[in-house]
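Read the single chain below, which is given as structure tokens and is the form predicted on its own.
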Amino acid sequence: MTKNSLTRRDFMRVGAGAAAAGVAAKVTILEPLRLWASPRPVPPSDTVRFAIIGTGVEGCTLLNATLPVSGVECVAAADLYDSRHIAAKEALGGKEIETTREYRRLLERKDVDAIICATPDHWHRRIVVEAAQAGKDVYCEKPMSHSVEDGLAMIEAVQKNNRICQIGSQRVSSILYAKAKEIWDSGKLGMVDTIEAAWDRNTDSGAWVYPVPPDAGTQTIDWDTWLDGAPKIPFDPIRFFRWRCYRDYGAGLAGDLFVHLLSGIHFVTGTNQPAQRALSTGGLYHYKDGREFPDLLWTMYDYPNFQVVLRCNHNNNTEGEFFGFYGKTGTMIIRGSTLTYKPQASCHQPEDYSIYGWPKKLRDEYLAKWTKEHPEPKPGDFKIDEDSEVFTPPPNYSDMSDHLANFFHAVRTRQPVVENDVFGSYTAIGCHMSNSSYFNRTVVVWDAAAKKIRSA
């Protein structure tokens, strides 16, 4: 979409974002990279054929997001819940594909180039390792791992078998976050010591209170296989459909939402390592429904050059999705789909507090000398509001389609991806550190030599 295609309603939406940021700023509608909208059709010989394992809500969303991507074709889907076989076909616009409970049938197909893994977290290691061993490239949903050990095993399998692996935190491919990275790299923020981010929700759905379909039962769901190493318990549809609430299968707020925040921060700042230290607090305040994870989580992370403070709250969504990068010479804020950069006023100002304990003569001499050495800018040279900038993607922009397109482009060209297995493992480690600190009520550190999380 070009800037000329912006409607009045779209402009009002962007203008409202600028007003919310408290600035009178120039607004730029970012141009998509359009990797997935190539004007040239991909020849059949270059078509990437993929299969998907896990076709719940995220899996179906991913399938739908592949539809604009040129040169790719879904040929099969696997899920342990039979009704999701129908949902997968519907997500593809009614296309007929092979569907099965047996995911290994997909790995055995010679016409499958790549696998999308959209299973619960406790299945990620098995799928990624076996797909790599079968010679398939893998797109794995976030968080990459269910444990540090799982992540290390996945990296080993991917690298040993020379596979492309991309993790599914779409902000790494977003044009909005690419602009944020450009601003960071330009040095306009100056020295940054604090990064804040939040992802808040205030709905039952946002807190994973998903309804149980009326046909769910042991006849339609392979429960024993789904447990996959977790404790063997009788069929429980709540655990199956709300698995993010339970430590045996998911990673709670950290794994579901912190991972997006950490991925965005790592991408923008060029960080490719876990935090050095983490301290979490929070609690279970409203959703006392048997879940094991909190519905409010705060974590403070120490990185070598800055501190990161993250929050996810299931009980108030005023902040929504928020990133704040606070620098000595500028501030960069991302709220939803609007990025605002605002310069800081100069920190070099005359002292106006302690000198009032001086005699007037000395005070006047100091101020005269300071003014001479620091002439004021000429009128119009620097105005905070007018030097502020606001950026936003065009309406209907999909960073998920861009992220998938980057993966399939890498499968086709063998060029590396940004959010590879190592990047994905490091952000997942940040999630595991958050949970470890919360549940053990202690500061934790990342021991890089031992490749372990330990108490400080």
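The first residue of the shown sequence is 1; numbering continues from there. Bear in mind the structure is a predicted one, so any value in this text is a computation, not a measurement.
A second form of this protein, the form predicted together with a small molecule, is not displayed here; the remarks below concern that form.
The contact residue chosen from W226, Y246, W298, Y177 relative to the small molecule in the predicted bound form is W226, the criterion being a non-hydrogen atom within 4.5 angstroms. For the residues Q170, T331, T338, T99, the 4.5 Å heavy atom test against the small molecule in the predicted bound form is passed only by Q170.
Comment: 52-60 is the region of 390-398, 52-60, 65-73, 408-416 lying near the small molecule in the predicted bound form, near meaning a non-hydrogen atom within 4.5 Å.
With a 4.5 Å cutoff on heavy atoms, E141 counts as touching the small molecule in the predicted bound form. In the predicted bound form, at least one heavy atom of R84 sits within 4.5 Å of a heavy atom of the small molecule. For the chain shown alone, Y326 is not a contact residue for the small molecule in the predicted bound form, no non-hydrogen atom being within 4.5 angstroms. Contact check for L80: a non-hydrogen atom falls within 4.5 Å of the small molecule in the predicted bound form. Annotated contacts: W123, F240 and H260 all touch the small molecule in the predicted bound form [non-hydrogen atom within 4.5 angstroms].
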